[in-house]
Structure formats: structure tokens, C-alpha cells
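Take a look at this single chain, the form predicted alone, given in C-alpha cells.
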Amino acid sequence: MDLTDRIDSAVTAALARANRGHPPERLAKALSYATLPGGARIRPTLLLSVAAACGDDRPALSDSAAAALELIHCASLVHDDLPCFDDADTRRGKPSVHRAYSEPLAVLTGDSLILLAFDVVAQAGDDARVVGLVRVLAKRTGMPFGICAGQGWESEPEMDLAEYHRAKTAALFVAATQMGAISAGHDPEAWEDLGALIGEAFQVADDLRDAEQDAESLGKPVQQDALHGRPNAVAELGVDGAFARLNDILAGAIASIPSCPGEAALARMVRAQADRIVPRQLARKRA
């Protein structure tokens, strides 16, 4: 089974857990709507790739970790799209959850996915690895180092841009690398730099897509940074400068991979994922 199939199978199993018995029908449908079909699944793919590079001696545990991380990511998208934040009408090429199911159900969908994520990990065992996964997932989801902190920075009168990006975007990539290592019994601290650098690269690529692509090709509203007055790499560096910065970050990310049995394969995966997130038609134009 390839990584995509493992992720999809684990997410589907998690949703089945949430929808046991006789749940509220519309909320149950909204949970599936928010997670299936998935997007690029970059974060859980990275998690499973790190686990594989470290030996992946407990694949069922790494699958649970990957599903939990993807559920947190999907929850964050549902909440980000709400009228109180980005007020986005579309996500992944279809109406956002609050447009399709109502704002109250979107709030409940995001909340339910967050709680389901922790339940998925907790059900995977009761040993030190599971405890480590829970702690990393909580740290990179909440305050002061997680995506909640990242969203909170947007409400501050003055934004610390480095802290904003570290929390808003990089946090779940750090979770991916550290949770992958933990799943395979390796030290998570050695994997923080890789996750942080991949998160930084993703943020620059996202800034490029937001500035240079259209809503139809991107599957969600564009020009959101300009609309909400958020700082971004394109505004700071220009398009050419942002591409140069992206390439520098990716080189640093590959160089930061800790020594492990699957180091070479992981480096190839990082480069392949970079090719997925960089707007290729824009890269060709700038070449």
C-alpha cells in the first residue's frame, strides 16, 4: 500500500469511528465533506516518509499519527474559512464548509475533527510513543507554539512576522517530522529543523500562489494577503526574490535531514513535495 492509500485508509477509519451509533446526520456529513477527498496530504505524507526513513517498525502507529495530523489540518482549514477569519467561499474547489452546511455546523465540524484527532492517537496504545505523539500534536496545535497561536497573531495590533509564520504554517510541518520520528522510536528533537524549514518553504510557495494564481486553478480565493493586509514574501521580496528564497530554504531543508537509514530517500521525497507546492507554470515563466 502506498503512502496516499495508507493516509486515506487511516482517515476513513477515523471518520467511521466518529460516526458510530446514531450521530447528527448533517454534522456527520460535514466531517466527511471537510476531509474527503483530501488535498495534497503533504503533512501526513511527510510524517510517514520520516517514519519510513527511521525504520517504521510500528506502521499502525504511524498511520494513526498521520490520520490525526491530517484531521487537525482539515479542522484548521474549516476554521480559517469562517466569516470571523478569512470569510472564504471555497476550499479545494468546492464551497467551504460554512457555505455548504452553515456557520454553526462549520464551528462544530472543526471542533469535532480536533477532538477526533486526539482520540485516534489515544486509541493507538498507551506506551511512551503514544504519549509523545499526543504531546507534540497538542504543542503544535494550541498555544503558544501551534496553529492557534498563528491565528491569534492576526488579531494583534503589531505582528511578529517570524513568530506568525512559525506558528501559522510551520507548526504542523514540525509536528509531521517529529511525529514521524516518534512513531518509529527516534528522538523528535533532531527533526524539528527539517519541519520548520519545510513549513517556511510552504509559506513562501503559498504566498506566490496567492499573489500569482487565479481562484479557479488554486481552488480557493486568491489575493487574500492583500485583502487582509497580511505581510508576505511576494510583497517583501517580489516574485523573483520569493522564488530565490524558496530555493534557498529547500536546499537548507534537505541539508538538515538527520542521519538515518532512509536519508537519501527522504531527501528525494522532500524535493518531490516541493515540486508539488511550487506553482510550476510560474516557475517556468521565471526560468
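Values in this document were obtained by computation on a predicted structure and should not be read as measured data. In case it trips you up, residue 1 is the first one in the sequence shown, and so on.
Absent from the display: the form predicted in complex with another copy of the chain. The rest refers to it.
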property	result
Contact test in the model of the complex: residue 142 vs another copy of the chain, heavy atoms, 4.5 Å	yes
Exercise: residue 46 in contact with another copy of the chain in the model of the complex, heavy atom 4.5 Å	no
Exercise: residue 275 in contact with another copy of the chain in the model of the complex, heavy atom 4.5 Å	no
Touches another copy of the chain in the model of the complex: residue 105 (any heavy atom, 4.5 Å)	yes
Stretch in contact in the model of the complex with another copy of the chain, which is absent here, among 89 to 97, 189 to 197, 133 to 141, 172 to 180 (heavy atoms within 4.5 Å)	133 to 141
Candidate site 115, 123 and 153: all three near another copy of the chain in the model of the complex by heavy atom within 4.5 Å	yes
Contact residue in the model of the complex, from 53, 31, 67, 253 (heavy atom within 4.5 Å of another copy of the chain)	31
Heavy atom within 4.5 Å of another copy of the chain in the model of the complex - residue from 79, 209, 168, 73	79
